[in-house]
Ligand code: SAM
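Quick setup: one chain, the form predicted on its own, written in structure tokens, and binding and motion questions come after.
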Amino acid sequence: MLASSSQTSQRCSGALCDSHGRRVQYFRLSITDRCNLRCLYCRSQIQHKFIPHPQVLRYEEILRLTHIMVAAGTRKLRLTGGEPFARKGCDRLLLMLRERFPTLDLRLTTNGTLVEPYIPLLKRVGVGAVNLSLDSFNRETFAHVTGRDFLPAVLSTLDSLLSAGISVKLNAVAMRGINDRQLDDFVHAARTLPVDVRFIEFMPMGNGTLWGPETFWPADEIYRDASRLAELRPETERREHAGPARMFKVAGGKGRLGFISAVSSHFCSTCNRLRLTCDGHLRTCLFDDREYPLLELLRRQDCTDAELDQVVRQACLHKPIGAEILKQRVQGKAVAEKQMVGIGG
């Protein structure tokens, strides 16, 4: 149940809230659309044109926006891409963020191919967790999905992250006919490694991707099949800043399995996030193509932090219910025109 207007006013006094009473405390910030992989679910097979560098947020602008968001109640910041470390100076940005915001829960999403040399830095700045994209433990399938034969590098990064004591979530986009016959590998990883292995339903984002009814592998079906391979015990303890995944402990194992049902069973009532694209467009819902341009305001000399804060608050008030947008899409069509590479993972 979403909150009534009276409940919203009581709960959101001074905080960043939407009209449904959902308090926004999580900011996902894409720092680049550049990536050294070509994942089937992230972009179309048409040649992608990267955003010109002058149109990409400067690091100083990212710091300014983060300051505004933290002042409005943001507690968790995730850097995404593209691949964050495909952008020069990502390590410097992490240092600046930690220096400016010492108590902020700082996270990172990466494809794992470029980050390994920077793992000591991640440890030093206190990155709370790393989401590592890993859609297959099979080298041939990995190369098919990503367009690159980089699985050994990603597995080496995984080992190094765990050795450094950094919490890891393995994110796998569930695709029927692609990685659905490799469930054993994912269950084995959750059984033998202290990681969260999370299946994300393939979302119809952007035209021209591999998405279709024949490639959609629903979370309930994955759970059913995984339950035949291991005893899954529902995670009853709600961890701080827990995401949308339904989590299960693997009996006798070190890790957990999770299922993110973004398409088949929404979790809109608990959505607490805003997204910012690398070219400075604020997006209040993944499925909603309506965006609020902030880059021009940031580069206007007379624009104050108070004005930027007001724009963010007004945008947040119009944050929609993504499940309603999903229901209204034309069957077989994308729910949003913009592809994931242009939004941020």
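These numbers come from a predicted model, not from an experiment. Throughout, we count residues from 1 along the sequence that is shown.
The form predicted in complex with the named molecule is left out here; the points below concern that form.
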Exercise. Ok, 74, 133, 272, 136: which has a heavy atom sitting within 4.5 Å of the named molecule in the predicted bound form?
Worked result: 133
For this session: Heavy atom within 4.5 Å of the named molecule in the predicted bound form: which of 109, 261, 141, 215 fits that? Just give me the one.
Result: 109
For this session: Determine which one of 149-157, 219-227, 247-255, 82-90 lies within 4.5 Å of the named molecule in the predicted bound form, judging by heavy atom distances; exactly one does.
Result: 82-90
Exercise. Is residue 41 one of the residues lying within 4.5 Å of the named molecule in the predicted bound form, judged by heavy atom distances?
Worked result: yes
For this session: With heavy atoms only and a cut-off of 4.5 Å, decide whether residue 35 touches the named molecule in the predicted bound form.
Result: yes
Exercise. Is there a non-hydrogen atom of residue 118 within 4.5 angstroms of a non-hydrogen atom of the named molecule in the predicted bound form?
Worked result: no
Problem set entry | Residue contact check: residue 196 to the named molecule in the predicted bound form, 4.5 Å heavy atom | no
Problem set entry | Residues within 4.5 Å of the named molecule in the predicted bound form, restricted to 161-179 and counted by heavy atom | 171, 173
